[in-house]
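Next up is one chain by itself, shown in structure tokens, the form predicted alone.
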């Protein structure tokens, strides 16, 4: 993409901020160019946020029904997935999936709950409940 082709339409999902894109200048070199974003970026971001909200709503409904633990809802609500939560907490992915089972989640020790709560940016008490 050339420097002149970098989108500057504006993107409401950026909240007035700009992002850096690489583009080719007149001399053929790749340079960083500030961009206000474009319609395509906005559409993709809005769709991704809607998908994450739908996953959180589904997890909340399953947690209310007793099928899954509140941990799964909070993970989705904070826009994380199992690999990311595993990386942030240092807890293996298979253990996280096991902790989604309400009976296993109910018996988690406080130090494990604190690791999850710290990673999700909430308190351990909040982690045990649904909003």
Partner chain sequence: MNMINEQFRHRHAAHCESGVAAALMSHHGAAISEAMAFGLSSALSFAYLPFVKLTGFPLIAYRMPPRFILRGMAKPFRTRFRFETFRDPAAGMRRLDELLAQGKVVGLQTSVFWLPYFPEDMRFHFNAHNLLVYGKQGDEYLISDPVAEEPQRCAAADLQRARFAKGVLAPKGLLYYPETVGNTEVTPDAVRKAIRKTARIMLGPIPLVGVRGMRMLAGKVARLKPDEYGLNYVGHIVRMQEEIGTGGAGFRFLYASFLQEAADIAGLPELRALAERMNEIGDGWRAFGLKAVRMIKGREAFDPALLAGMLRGQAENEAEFFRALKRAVA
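As the structure is a computational prediction, the values presented were derived from the model and not from experiment. Between two forms, the rigid core is the largest collection of C-alphas that superpose within 1.5 Å. Positions refer to the first chain, counted from 1.
Missing here is the form predicted together with its partner chain; even so, the following discussion is about that form.
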{"item": "In the predicted bound form, the one of 32, 65, 106, 26 near its partner chain [non-hydrogen atom within 4.5 angstroms]", "value": "32"}
{"item": "is_contact(residue 123, its partner chain) in the predicted bound form, heavy atom dist at most 4.5 Å", "value": "no"}
{"item": "Partner contact for residue 52 in the predicted bound form: its partner chain, 4.5 angstroms, heavy atom", "value": "yes"}
{"item": "Contact flag, residue 101 vs its partner chain in the predicted bound form, heavy atom cut 4.5 Å", "value": "no"}
{"item": "is_contact(residue 130, its partner chain) in the predicted bound form, heavy atom dist at most 4.5 Å", "value": "no"}
{"item": "Complete contact of 1, 20 and 41 with its partner chain in the predicted bound form (any heavy atom, 4.5 Å)", "value": "yes"}
{"item": "Contacts with its partner chain in the predicted bound form - residues in 80-106 whose heavy atoms fall within 4.5 Å", "value": "80, 81, 84, 87, 88"}
{"item": "Did residue 47 shift 2 Å or more between this form and the one not shown, C-alpha, core superposed", "value": "no"}
{"item": "Did residue 124 shift 2 Å or more between this form and the one not shown, C-alpha, core superposed", "value": "no"}
